[in-house]
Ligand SMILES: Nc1nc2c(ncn2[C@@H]2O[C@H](COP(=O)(O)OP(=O)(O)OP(=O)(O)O)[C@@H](O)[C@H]2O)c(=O)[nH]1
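Only one chain is shown below, in structure tokens, and it's the form predicted on its own.
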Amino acid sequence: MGKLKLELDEVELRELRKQKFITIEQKRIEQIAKIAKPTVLAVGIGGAGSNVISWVKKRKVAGGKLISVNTDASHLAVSVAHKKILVGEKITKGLGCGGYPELGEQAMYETMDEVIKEVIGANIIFLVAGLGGGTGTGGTCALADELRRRISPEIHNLIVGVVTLPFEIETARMKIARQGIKRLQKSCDTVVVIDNNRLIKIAGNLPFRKALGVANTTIGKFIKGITETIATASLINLDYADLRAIMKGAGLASIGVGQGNGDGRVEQAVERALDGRLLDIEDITKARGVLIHVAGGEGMTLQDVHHAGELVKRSIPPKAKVIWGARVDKALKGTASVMVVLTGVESAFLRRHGQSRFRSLFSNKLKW
């Protein structure tokens, strides 16, 4: 009897040790997962950039930090973000830059340490701005340059510029914007360009205010979609390593977002996303990488997501790297939303207007 009890005690002891090991291992895995979880941060620079940050914040993005940076104190006061920073207070007195990018650059450098302190630890950094003006152009270029200088090459991160171009009729602003893009391409891994001139084709029949809102909405959906699909549990999560593979050193990128309703909603959404790209691309088949993000209501199936990916793949080169993610959004009942981002593309619009004519801007001492 004593021998049997001893054997039972040993079995119980082994079981207790096993359970303790499982508990310790689970905690260790959870700690590693917490450390390894990619951090996503978006910085809106200037009026247009801050407007996008407000759009995303009001829609309660999960898993990312949102920062608004501006030289205009009045606009910054009404912006919505997790953190707001007034830059260049000594230089601009909180009155903005008056469209002078060199002033925007000086203002950013005046407050650079405070901005860097908020930004430097993130794995994915979105720099959001409207190019062609002062704070957006000068401030964004300065911040991108400084991040590239301060971040060690060994740190696995992404710096993604997300910028809008002014209308072609705004000649002086367009020249400044092109200079800004050329400089950002040197500091950012990818620059997603939204050309407002494409809005004439995509949203020309909409009321003026709604048409201009298309660009902000597109950028907002891009940031919100990637942030939530990477940082929170999703139907199909985006893998950070794959995202880095298609965006690291990828140059220019184009984005399109489409929605479809009812029967055939996936086909509608994909077609509108590809036709509604907000950058004129010379040859879509030369794209280096493609990001596909699908969102739908609770009735969305895995077949819907797979079908969307297959439809997009028909339009791109077979060697292009494709990554995809999908989220269920209760607000999209009976609706499919598809976002397509093409990286490593060439812009027909920028080439047509002789981007190479403009000098490279790497020093804040150079005039715009």
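Sequential numbering from 1, following the sequence displayed. Here the structure is a predicted model, which is why all the values come from computation and not from measurement.
If you look for the form predicted in complex with the ligand, you will not find it shown, but the lines that follow are about it.
Residues placing heavy atoms within 4.5 Å of the ligand in the predicted complex fall in a single listed stretch, namely 92-100, out of 266-274, 92-100, 239-247, 181-189. Checking Lys221, Lys84, Arg173, Lys286 for any heavy atom within 4.5 Å of the ligand in the predicted complex turns up a single hit: Arg173. A heavy atom within 4.5 Å of the ligand in the predicted complex is found for one listed residue only; from Thr229, Asn157, Asn216, Ser254, this is Asn216. At a distance threshold of 4.5 angstroms between non-hydrogen atoms, Gly130 is in contact with the ligand in the predicted complex. In the predicted complex, at least one heavy atom of Asn51 sits within 4.5 Å of the ligand.
At the 4.5 Å threshold, heavy atoms of Gly134 reach the ligand in the predicted complex. The closest non-hydrogen atom of Val80 lies beyond 4.5 Å of the ligand in the predicted complex. In the predicted complex, not one residue of 245-260 has a heavy atom within 4.5 Å of the ligand.
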